[in-house]
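As a starting point, one isolated chain is supplied in structure tokens, in the form predicted on its own.
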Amino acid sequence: MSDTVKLSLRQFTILILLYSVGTTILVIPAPLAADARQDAWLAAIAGWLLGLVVVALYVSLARLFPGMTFTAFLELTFGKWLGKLLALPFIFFSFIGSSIVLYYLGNFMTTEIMPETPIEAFALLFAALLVMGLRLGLEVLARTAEILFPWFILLFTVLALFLTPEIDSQKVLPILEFGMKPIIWPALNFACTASLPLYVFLMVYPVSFQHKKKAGNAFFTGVLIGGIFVVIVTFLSITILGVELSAENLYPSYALAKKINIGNFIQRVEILMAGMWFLTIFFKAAFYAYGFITGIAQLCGCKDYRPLVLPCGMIIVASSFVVYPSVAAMSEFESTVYIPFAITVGFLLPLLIYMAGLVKKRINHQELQGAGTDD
């Protein structure tokens, strides 16, 4: 499984970056604008900084079990049965996350690009790619990310440069009109969407790296750079579309790309945004699914997760059809349930596990010292 896989620091940084951008770059400007208004870009920065705190917790947690995956560490710290029980929320979160990402993809395609095509067709096609990638293994996914990353940079740069003439800086004024309080909840929303799901990489980090300390730095770097991309898109959305259009659009960054018009010649290039999003969402869905499948495999004592990829992939696809009955249900879930759920699974439980791991490590250290003294 993952203990036989070795990734480079560059690959890990790119994977973290693409995963943290993922769905965030397309959907997060809308709730930020709805809650923080013209300060949405400040809320994005605050959420980005909160994400670095979350990563600090994950890196500290990983240093307690440098030779194990996250689920193995849980069993070592809490015992076989309690460890398996504590792993279930993380596995369930990964399962729900992968289903939601598939729904996002299908909903985006049917509402913005190909409305006459049933959403099930897009979910099945995209799931087939996920199954293929996961069957080929983590190293293949990492090398694919290396190949596609320059295209992501190119598409983002072209998008940002073409939108620069449309910026109206007056739309962000007045800054902090109502103080810091209105940006707190949107900042949490940002962190829950972009950073808290990064716990799935504890199934890969640090066990898959020779230089484990440097891998922690790569973790920070990926989140740092990925956050910058999302902050830029949020700022462009507010300064070009304005608060109302950003809040009302389900996919404001896609609507933002429609504003590109260079000399009435270069226009209608919003597919650039779609292409950029497809690149990032693939890796977010892949690692959500990876966390779910490898977690199930380790709970069941399987030596290899690959035989579970196809059946678990089929379950994810079926779940994506029912995870959100409607767009209204999606908005309701994300505004009321998702944030507390993500904070509990992505921060509070890892914090509790980290504290328990420290206690366990100290007890073991004292026992070793006592044994040495007796000898």
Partner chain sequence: MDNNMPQAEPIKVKLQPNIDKIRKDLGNSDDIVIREIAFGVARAAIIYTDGLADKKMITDFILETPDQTTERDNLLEALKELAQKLGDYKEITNFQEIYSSILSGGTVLLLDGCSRGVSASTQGWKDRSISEPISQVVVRGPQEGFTETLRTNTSMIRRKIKNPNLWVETRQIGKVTKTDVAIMYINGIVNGKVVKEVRKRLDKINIDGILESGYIEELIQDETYSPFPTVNNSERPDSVAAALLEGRVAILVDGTPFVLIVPTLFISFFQTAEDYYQRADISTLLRMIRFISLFIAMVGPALYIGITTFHQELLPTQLLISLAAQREGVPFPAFIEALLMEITFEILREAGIRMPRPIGQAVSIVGTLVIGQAAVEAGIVSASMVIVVAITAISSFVITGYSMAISVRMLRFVIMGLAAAFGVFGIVVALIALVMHLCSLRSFGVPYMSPFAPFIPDDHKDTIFRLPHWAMTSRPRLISQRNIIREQMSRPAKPQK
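Source: prediction; values computed, not measured. Positions refer to the first chain, counted from 1.
Unshown form predicted in complex with the partner chain; subsequent notes refer to it.
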Q. With the partner left out of view, is R10 within 4.5 angstroms of the partner chain in the model of the complex by any non-hydrogen atom?
A. yes
Q | T110 within 4.5 Å of the partner chain in the model of the complex, heavy atoms | A | no
**Q.** Any non-hydrogen atom of G222 within 4.5 angstroms of the partner chain in the model of the complex
**A.** no
Q. In the model of the complex, does E139 have a heavy atom within 4.5 Å of the partner chain?
A. yes
Q: Indicate whether the candidate residues I175, I232 and L245 are all in contact with the partner chain in the model of the complex, with contact defined as any heavy atom within 4.5 Å.
A: no
**Q.** Listed range touching the partner chain, judged in the model of the complex by heavy atoms within 4.5 Å, from 185-193, 78-86, 245-253, 146-154
**A.** 146-154
Q.
Considering non-hydrogen atoms and a 4.5 Å limit, which listed residue (L161, I271, I262, C300) is close to the partner chain in the model of the complex?
A. I271
Q: Could you check which residue among A72, I167, L279, I96 gets a heavy atom within 4.5 Å of the partner chain in the model of the complex?
A: L279
